[in-house]
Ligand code: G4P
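Below you'll find only one chain, the form predicted on its own, shown as structure tokens.
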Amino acid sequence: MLFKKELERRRTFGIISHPDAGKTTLTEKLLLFGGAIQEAGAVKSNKIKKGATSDFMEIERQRGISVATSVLAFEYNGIKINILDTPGHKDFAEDTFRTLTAVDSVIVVIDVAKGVEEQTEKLVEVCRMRNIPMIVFINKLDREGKDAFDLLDEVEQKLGLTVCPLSFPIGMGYDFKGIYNIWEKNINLFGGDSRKNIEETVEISDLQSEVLNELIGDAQADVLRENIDLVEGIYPKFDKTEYLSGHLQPVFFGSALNNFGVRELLDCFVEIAPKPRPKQSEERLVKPEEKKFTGFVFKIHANMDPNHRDRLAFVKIVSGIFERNKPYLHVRHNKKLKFSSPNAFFAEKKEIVDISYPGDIVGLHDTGNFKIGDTLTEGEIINYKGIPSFSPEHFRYINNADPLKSKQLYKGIDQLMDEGVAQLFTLELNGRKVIGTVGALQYEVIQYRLEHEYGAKCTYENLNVFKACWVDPKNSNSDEYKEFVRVKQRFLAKDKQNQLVFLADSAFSLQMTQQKYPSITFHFTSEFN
């Protein structure tokens, strides 16, 4: 009975957007409403500490962007909420794509002035492919921006969504008066003071009422009545089943920086968002209410605490109950492991938990047993798929800049690659190490973290590679395959899992190779059978 109750009250979601749309600020304010932090963004007068609670890597604080997914949890109105705050920057999209395998729903943040941006389109496409329920939050209403209806059109056209506004702005920018909450039938008046948790909220069930004119003035009241008539005439009514199946997307307006519209979003989210959902494994569909525990690693983070050189594997619990000190089967290694200090998270604060339920994210201390995509079970052989490594777009040789620290360098590279920050390839011809990344900014992150977390220095050398393709021979004893390996030797490398990779130097070279060796298949992700 307790298990069922705990399952019902779990909500696990990700926040996605283009960089700078206010994603991390929204996360902060949600935590503020959940009572998890006292004041968002740390103490504003202290210049050193200034930075968002969820951005806990030093380089994130310096650059003001999120480069790794943070896991945060809090309680709100009896509901246990797990937030995964993802990087928006396209150079770290791979981390975000992987995180989307661990969420049950998503909040998409859009900047009122910039509208739908490129990175948002890519991320929403992934959510649509997986039918993940989405809520759209249009942010920064205290600034001048696009007309609300134009934005709704843009969301529908560019993102291919069917929107259903559940709140609507009264004015915008300098004449922003507040928000009419269609979901709760009330008006929120804007005070413009970000330290106030909740502004004045007035119940208005009838928009024709004179009270509306007294609150926002005759002109604004008439415009609002007209707008709400339009909303009710044009957009579909909210239907929870349609939302949960990924076919209808509620839209909220607000200003996360000013705490405005955030509580409305949270109240509605808690009511409509899905509880933990079933997940497809290679073998079968696994349901959260099953008694036996299963879970998978979707992220690995080295050096959560630089003083202890610890690695944490983030595990999403799919079914059953995860208990501390109970032995579980690591499916890939086929061995039993026990965990004496599984962690629950609140940004950099961690606490040891004895028991966790489906939907929860636990951090397991790892000495090198895990890689992304690994499955833990109570004995059943289950493999959760859908967490591939993508073909990198940038390639560089990595060189050791301090010969006395080569041990630290190789340990650092090894651990950072396990996190999925980038991919390591070792050339077959001479054993040189090549790092492949999805975005160029990752090289800076790797260099910075090697120096500050491992005490190792590295330099890079450019390498002309167009694409890394994983090689899948139908028959590794065939003459054709042997000829391929002989002729292309200087373009071949092994990845960390010892899979053979062909580093094509141009699109033409890849095309010619595919034509010349038809029995060999080249894959652009590492996950193939």
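Just count from 1 along the sequence shown to find any residue number. Remember, it's a predicted structure, so these values are computed and weren't measured experimentally.
Beyond the structure shown, there is the form predicted in complex with the ligand, which is absent from this document and is the topic of what follows.
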### Message
Test of understanding: in the predicted bound form, would D267 fall inside 4.5 Å of the ligand by heavy atoms?
### Response
no
### Query
Do D505 and the ligand share at least one heavy atom pair within 4.5 Å in the predicted bound form?
no
### Query
Is E451 a contact residue for the ligand in the predicted bound form, using a 4.5 Å heavy atom cut-off?
no
### Message
So in the predicted bound form, is the ligand close enough to N139 to count as touching (4.5 Å, heavy atoms)?
### Response
yes
### Query
Which one of L257, C127, V155, I317 is close to the ligand in the predicted bound form, taking close to mean a heavy atom within 4.5 Å?
L257
### Query
Judged by heavy atoms and a 4.5 Å cut-off, are R98, D104 and K299 together in contact with the ligand in the predicted bound form?
no
### Task
Have a look at 22 to 30, 481 to 489, 466 to 474, 494 to 502 and name the one stretch with heavy atoms inside 4.5 Å of the ligand in the predicted bound form.
22 to 30
